[in-house]
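Next up: a single chain in structure tokens, the form predicted alone.
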């Protein structure tokens, strides 16, 4: 039993969907469960509809809605015939009729709540899975469309809902196991769920990966496959370094660090359910379905190249906090993190000294409230527009001189903060946002001139 998740570019048009069907057919004997994203561009378009509608730009909202409707109808017409085409057309028309009603409501109210944004965004996955399920049936594959909102239960934190696994896992098993036993291919929507009251929620951008991992953990799958438009996990962002390498095998710990610190292939939360159940994950290329991707497992694989990959992320804010009473007084750290907990802001990187604590955040939505709280007991300085760079590798801990090589490579760039996790599989530092690309290129040149061919291969 495997879970196969396909991203937006993998289902963006007729050609892409046909490749996906071919990939599914190759794994039919492994009892695949399919998780789909919305067609490429659909989620952004749906959210723009909401923004335009509540801003009073009704014509613009309706224009985007029309474009999305026409695209889905075109893809359906290219893939389907007869009653299946009629069924898909009816569902597409129904969805866009509901979207028209939402546009009308937002236009009249002049506001768009997080709950409404989730309702709008969910149409993308609902539409893609409807067309895809009919396309499988059209080609003779027994499939069944499953509404993820009936199985993925969440809290009511709209746009960033937390999945209630204790409730969701039994529901997933109860619905999916009979379908698999009957020889059918279940097709689920990624990214979406619902509250206990049946109100549609989303679990954050990129959440389709997380959905796949949740489904895999719930049914104890043999493997979770994340199909995307890149060859696998790469040594760094190819938009920054033209000559990158695909990593053949990587550990859960390494992949999690990379995802959290900016690697775009995986959603940061994706691996958590898989790690808990020790389910291997493979990142595959939907544009080259016969080529192996990157295999992610619990156990790390030693490499002659100590750094597996370099992740980076801009738009980081550094907060430097100094105790006003005594050096790191008792309870000082507790009070700091209580402030971030109070305003539900995630801290990414932390570094401490005898006189201060430095930490980073990538969301400044509640920054002023946090600063006000911190200044009740400390002096605070804020640095904006920083970038975090994270060099990750299981062999960092056992290879002397890696940190020296890292900071020698970026010696011409001012490093504003340094941190190393307790696991010692990464070295993280911050630079000015305008120097990030330069730093990443320097690091990649240092460690990947001749990478270990047992671990890496050219893209």
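Everything numeric in this text was worked out from a predicted model, so none of it was measured. Positions refer to the first chain, counted from 1.
Beyond what is shown, the protein has a form predicted together with ligand ASP; the following relates to that form.
In the predicted complex, does every one of 43, 125 and 205 come within 4.5 Å of ligand ASP, counting any heavy atom?
The answer is yes: all three residues contact the partner (heavy atom, 4.5 Å cut-off).
Residue among 38, 53, 34, 391 with a heavy atom within 4.5 Å of ligand ASP in the predicted complex
Of the candidates 38, 53, 34, 391, 38 is the one lying within 4.5 Å of ligand ASP in the predicted complex.
Is residue 191 close enough to touch ligand ASP in the predicted complex, meaning at least one heavy atom pair within 4.5 Å?
Residue 191: yes, in contact with ligand ASP in the predicted complex.
If contact means a heavy atom within 4.5 Å, which one of 205 to 213, 149 to 157, 236 to 244, 89 to 97 is the stretch that engages ligand ASP in the predicted complex?
Partner-contacting stretch among the options: 205 to 213.
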